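The chain below stands alone and is given as structure tokens, in the form predicted on its own.
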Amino acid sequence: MKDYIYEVARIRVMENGLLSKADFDQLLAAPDHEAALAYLADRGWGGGAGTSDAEAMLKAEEDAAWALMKELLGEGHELDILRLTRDYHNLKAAIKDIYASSGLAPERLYREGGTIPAEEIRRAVEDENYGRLPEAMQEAAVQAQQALSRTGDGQLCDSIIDKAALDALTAAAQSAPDPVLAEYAVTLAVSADIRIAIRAAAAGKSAAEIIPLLAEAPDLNRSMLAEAAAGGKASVAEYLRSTPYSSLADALSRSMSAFECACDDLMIERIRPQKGEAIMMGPLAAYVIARETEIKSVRLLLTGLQNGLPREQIRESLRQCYG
């Protein structure tokens, strides 16, 4: 079995550059959006170019995290699980772009950094040559495209692809090359299952209609979740208290935004033990997850400042720091 002693040593150095709680306090104390961007630029974000374009800065940071993984792992596919959901996002975007004429610019529709180039997915959909897609995506692509063309129902299209993404995640978890990656896939699938169940119930779907939308995730019973969802968020929260995901229950009772935050915090808690790992690949996966969570927090903070939200409201949306 390969050891990752050198790679983990590099990650330990890079972890020192992650934003701390003190950094987020400084950002929250910034008088405005521009001052927060300047603080980040001083910390080296955006390549130290001092950019005033927030999205360009955040993209540069995300790209840097993956560039580091490429440097450490070469062209290997060890961390593909972390990129999998982008492929399914891009499949949804391509089908809606082509069959519903979104009219949006590609950079607003597609997410780069998946396991398949976004343009390749778009071409497969445009040519209706779904054999060019991975086998796990092909049936979902056909069903979603036909559903959107036949009914014009974008939510139905989304639900078909979302279910395929969850199935792909849970399948990937079973063959993950490191326990951290398996934990990531399962936690992501569980939080998505809960979100889908609540959204479906809010749309008036019964438990019987909700069950097929959900993936078989460990420690979460599809039938029980669907039954609970049919009774509303409070019922789902009560069900979660009997599962290993009880930490999500109180947040769900407050709001969906609190639930989203709690899901990310749970992920951080589950990867935190990797700070003591010295040989396995887990710390590399944990670093990417931590960086993407950090970038999400910064995006929420900058958006809140730009829109003049109260500082305490912004603070409540921020995720745990990995440090």
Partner chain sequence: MLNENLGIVYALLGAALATFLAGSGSAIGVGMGGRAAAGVLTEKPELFAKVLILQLLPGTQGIYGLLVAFVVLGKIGILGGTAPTADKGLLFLAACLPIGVAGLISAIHQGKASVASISLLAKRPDSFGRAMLLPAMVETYAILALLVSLLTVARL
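Numbering follows the first chain given and starts at 1. Fair warning: this is a prediction, and the values are worked out from it, not measured in the lab.
Keep in mind that the form predicted together with the partner chain is not shown, yet the notes after this line are about it.
With the partner chain omitted here, the record of contacts in the predicted bound form names 272 to 280 of 272 to 280, 52 to 60, 250 to 258, 23 to 31, defined by a heavy atom within 4.5 Å. A residue is said to contact a partner when one of its heavy atoms sits within 4.5 Å of a partner heavy atom; residue 309 fails this definition for the partner chain in the predicted bound form, lying far away. Contact check for residue 299: no non-hydrogen atom falls within 4.5 Å of the partner chain in the predicted bound form. Within 4.5 Å of any heavy atom of the partner chain in the predicted bound form lies no heavy atom of residue 313. Taking the partner from elsewhere, no residue among 98, 100 and 119 has a non-hydrogen atom within 4.5 angstroms of the partner chain in the predicted bound form.
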